[in-house]
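Read on for two forms of one protein chain; each stands alone as structure tokens, with the labels structure 1 and structure 2.
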Structure 1
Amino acid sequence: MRKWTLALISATMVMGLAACGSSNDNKDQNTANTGNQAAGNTAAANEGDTANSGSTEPVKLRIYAQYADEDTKGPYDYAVAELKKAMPNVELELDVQAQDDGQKLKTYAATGNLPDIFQAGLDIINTFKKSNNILELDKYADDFKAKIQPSAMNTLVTDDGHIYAYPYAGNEVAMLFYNKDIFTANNVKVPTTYEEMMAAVTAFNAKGITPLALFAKEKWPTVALYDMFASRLEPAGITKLDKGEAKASDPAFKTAAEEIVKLVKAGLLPKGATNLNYDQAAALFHEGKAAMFLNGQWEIDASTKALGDKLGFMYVPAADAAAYESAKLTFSGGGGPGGYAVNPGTKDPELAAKVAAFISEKYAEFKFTQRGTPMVATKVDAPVINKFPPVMEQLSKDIPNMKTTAFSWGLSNPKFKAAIEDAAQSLMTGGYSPDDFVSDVDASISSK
């Protein structure tokens, strides 16, 4: 029975989206048949752009938003409370977002039931662009653009140069954490160059200390480590390989593989690193048995609880001091376009766009001031209620000027993604040469 239901829903979605996609040719009929105010109705909607946006008449807007746990309820409730103060005539009717990879929202679009405002990731943006179910926000976004972090512009503007959603989440990054006490107690300099990194590896091994804990059983941390080294010479890092704009045989990418192999052979990682999971690698670092640890910035909370003031993070070493200085604010990781989007068929697009931008801005404000995370898309002027941990405080100062590359899950070429994940993990074994790395990765790029 469930299969039949799913099949019916899928068929409805396909037919509906196909109808939406052809709406430019048959606009009136499509609208009448489906009741979909979105598809092909941009022109009609624009007629009402300013019809109600300046009015104080009560307006109800339906919004499709995450509201599943404290991490999503807190910022949403805060944003709605702030909206009541700023726009008391606007009432939001919440439609709780399903945890279904966008299937319910796609069904809404196909059946003409799309909410006025909805949360959209890049997948939804790209799908709805084709079916005219998402409003291009360029002409409404000047105020929001002025508030966004310069380093987070990639979360606002899509590859076609247009804006389709107002983001609240900023870029996330991979980081090299270290235990300050271990470095000090063993008289080891926090490395800024490859030479100093090798010296640290040698010194820690001599003391029986693991230099770097890496949960290389998962492939993304191995890609991140490779990308960290590659981005010292090529700011775009692996994204340039992903887009086919460079080859792994180019000096920046081959050098990164060579430096990692040297360090691994010198004892950078614990034995059997490619069999270590997060819990095992984190335990080495949290218990003071490893000097360094690689993870995303989301690790800050756990490592701060384990190490307190001993926790620090270092910028990734480079070939020399000049390269280190020029590349230190380039972080492996990043983000993509997404946030609150608007149905082009809503009665007052200008008002809906204004509300969507407001909700996104306040959502970020709550996460910044009350959740202690500076990883938000927009600048926040409100005072911080829950103070950042020291490492987060340091990172927050870098955010306005940081550049990002990509996490492996953000890569667009699936063949390259699979190849770089396998090759980067193999680099951590010490039995895989830089030439093998270059050959295997380049094969995936040429096949794009």
Structure 2
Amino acid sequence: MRKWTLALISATMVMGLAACGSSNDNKDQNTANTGNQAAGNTAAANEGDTANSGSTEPVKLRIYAQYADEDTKGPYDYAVAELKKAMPNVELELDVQAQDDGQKLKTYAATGNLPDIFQAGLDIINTFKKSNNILELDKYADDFKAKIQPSAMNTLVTDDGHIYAYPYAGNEVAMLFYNKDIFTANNVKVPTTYEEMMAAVTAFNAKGITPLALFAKEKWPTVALYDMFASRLEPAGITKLDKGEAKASDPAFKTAAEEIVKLVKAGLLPKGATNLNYDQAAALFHEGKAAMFLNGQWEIDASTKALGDKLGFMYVPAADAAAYESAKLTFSGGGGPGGYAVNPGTKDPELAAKVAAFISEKYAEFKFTQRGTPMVATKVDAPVINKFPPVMEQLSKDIPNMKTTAFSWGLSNPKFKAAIEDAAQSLMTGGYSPDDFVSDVDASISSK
């Protein structure tokens, strides 16, 4: 009796192990192609017993991508679904991008663990280029080049004339949104000059309304605000500082700092602005407690949902009416090279480059058709599903004549970037003089 039980148990175990083994083999087969040497063996061993062996071998690629909120999950999921249709043999293994100034990615690079495809901004491109951690895509990029909008060429080709990443975002701009109702209800004119801006700030403060909601805990919006003011006097904005072609002590840049300090001291921003995150600042604007709001054009969607027809955007005020007219179509923003890049150590660079290009293209498609933003890198053939919100319609009319600075996502000198971010955030406290600003920023430029 005991013998029989033993035999039965052993039999079950053997079968169980066999079952586990075969499912493991399938998994192996997928990972094998990313670089395992066992690839051939496992694939050969499994030949015939897997259902999914098509004409092309299944490939698994690791991708490092933003996947945090609606704005980033939507396009990613869409791109992956489309990829499944177009290249069923390619499977993407997502590694969620951390909000950490590229530290995780740099660590991956330093330890030789770089994903096959990763999202790279200009600073990553510049750093990785030197250490040969990014694949030059020139010879793979012909198809993509044909699809890119001529106006977005600057997001594809870097200063050295080479291509390192496939962009999807196009030239994005920072904008000053405002709540039309608050302005009319309080009888305040939408400002076109510094004086009118000051008058608006005083008027709103008297009524207990926050004039401008700014999420200054993140530093880029503070740089954007500064860049906006600087671009009224110097059309290239802080790009000139970034490239070392101008100094912060030049009148245009100093005046911008002075104007901002004056406005901040008059109560432009909510209390404790430098500790406000996006959610807190956006809530002020969406709930009608703040008259203006600064964010990129991607905010249009969320603000339209919250405010509907009350939402408007204004051109940045300038010194006087003439300056306002001549500078109004200069937007802070634009773009720099960046998007999906490929690891030079990937097993099949051609395939990885193809997938990276595909993902970028589908990102752009999703943003265009479903998010209602015309500001994408590539031309999109698909019909628009979500109609453009009115503010976007208005912005679209400006796009053909728009001039842009390069701003944050296009800044190339990391030392300058860190310095201007810190200095611009300090400006928002009101306790930092324009002179301090000038000397701090200039120090970072001269020590380039």
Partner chain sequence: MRKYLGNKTAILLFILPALLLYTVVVFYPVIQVFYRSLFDWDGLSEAKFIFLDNYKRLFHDHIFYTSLYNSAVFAVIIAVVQITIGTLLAFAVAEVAMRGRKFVRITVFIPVVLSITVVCQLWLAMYNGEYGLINKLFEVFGLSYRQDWLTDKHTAIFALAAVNAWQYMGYHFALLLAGVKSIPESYMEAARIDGASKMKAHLRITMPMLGETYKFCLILAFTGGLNAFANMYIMTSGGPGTTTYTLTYMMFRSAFRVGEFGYGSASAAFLVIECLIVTLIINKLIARDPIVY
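Reference numbering: structure 1, starting with residue 1. Worth saying up front: this structure is predicted, and the values here are computed from it rather than measured. For clarity, a rigid core is taken as the largest C-alpha set superposing within 1.5 Å between two forms.
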> Just checking, which of these two is the form predicted together with its partner chain?
Replying inline: 2
> If one rigid piece of the chain rotates against another between structure 1 and structure 2, which among K254, G312, N171, A141 sits on the hinge?
Replying inline: N171
> In whole degrees, what is the angle of rotation of the smaller rigid part relative to the larger one between structure 1 and structure 2?
Replying inline: 37
> For A356, what C-alpha shift in Å results between structure 1 and structure 2 following superposition on the rigid core?
Replying inline: 12.7
